[in-house]
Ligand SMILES: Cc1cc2nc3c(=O)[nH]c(=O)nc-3n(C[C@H](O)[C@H](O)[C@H](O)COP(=O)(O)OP(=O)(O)OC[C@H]3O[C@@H](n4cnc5c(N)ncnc54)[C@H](O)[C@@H]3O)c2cc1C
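Shown below, as structure tokens, is a lone chain in the form predicted alone; questions about how it binds or moves come after it.
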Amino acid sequence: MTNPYLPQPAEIISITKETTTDYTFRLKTDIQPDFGQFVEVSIPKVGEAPISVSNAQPGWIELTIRRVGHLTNELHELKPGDLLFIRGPYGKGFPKEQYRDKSLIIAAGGTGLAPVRNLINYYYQHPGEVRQLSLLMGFKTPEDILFKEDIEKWRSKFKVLLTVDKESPGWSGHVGLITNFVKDAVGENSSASRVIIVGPPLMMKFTSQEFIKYNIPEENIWLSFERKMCCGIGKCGHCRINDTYVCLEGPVFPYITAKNLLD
């Protein structure tokens, strides 16, 4: 019988320092996740945590990990050539076929950009699969911005609106909460657009309401509950919200389901 908790070793190919607390690890692996799925990352005798896949190609995946505790502190001490352990992928990701030939808006707050980065990169390579892609991204400060090189690359093909809650000296971009810019992201023909929202729960709640205010139908919105992911297989029960197991039925949910899961 296969042990569903048994992880596999994965060699660290490279580490990219995104911010002072966020590192992206490229791992050698045959895992081929769908867009929006996650894996369990572990170090023996230290711990395990669910992490969304932030990029993937045949032979490797990337995980963007924030230093927030014992396990992630240990992960940030690893070097290229070291091994960590992964199992998965898990969960239901973004329904890409429902975005085909549609205008798609992706709204991401903070580390919420990581779970959608792989999907954005896919559309960068296959721009003809959507009618138009607009990116609305918000971070606390300019120093917290992730994937700066990717964002500049995305500007060449997509409409990009990047904002920070609090500016720093030298910042010349937008300032304000992401909800302040939803109207700009929606533009015209809102009822035909599809919207993905990923970020902290309050950000997703109020950003969803703002999109609905500008005539995006509820059935055209998807949210990712990555912060509720836990063991990946629904056994520990920590991912449960009411009768819904986020690890099994999510982390990506249509808004018509997700609105009953938001606090």
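So that there is no doubt, residue numbering starts at 1 and follows the sequence shown. Computed from a predicted model, the values in this text were never measured in an experiment.
The form predicted together with this ligand is left out here; the points below concern that form.
- Backbone and C-beta atoms of the displayed form come within 2.4 Å of three or more atoms of this ligand after its pose in the predicted complex is superimposed, which defines the site as blocked.
- Looking at Phe35, you'd find every heavy atom of it more than 4.5 angstroms from this ligand in the predicted complex.
- Interface residue remark: Asn55 is not counted as part of the site for this ligand in the predicted complex, having no heavy atom within 4.5 Å.
- This ligand in the predicted complex is approached by Leu71, whose closest heavy atom lies within 4.5 angstroms of it.
- Contact annotation for Thr64: at least one heavy atom lies within 4.5 Å of this ligand in the predicted complex.
- The listed set Arg227, Lys213, Lys205, Lys28 contains one residue whose heavy atoms approach this ligand in the predicted complex to within 4.5 Å, identified as Arg227.
- Contact check for Leu119, Gly199 and Ile221: none of the three has a heavy atom within 4.5 Å of this ligand in the predicted complex.
- With the partner left out here, this ligand still marks one of 152-160, 71-79, 122-130, 98-106 in the predicted complex; by a 4.5 Å heavy atom cut-off that stretch is 71-79.
- Along 46-61, a non-hydrogen atom within 4.5 Å of this ligand in the predicted complex is carried by Ala49, Pro50, Ile51, Ser52, in order along the sequence.
- Cα-Cα spacing of Val46 to Lys228 is reduced in the predicted complex versus the present form (difference of at least 3 Å).
- A shift of at least 3 angstroms brings the Cα atoms of Arg227 and His238 nearer to each other in the predicted complex than in the displayed structure.
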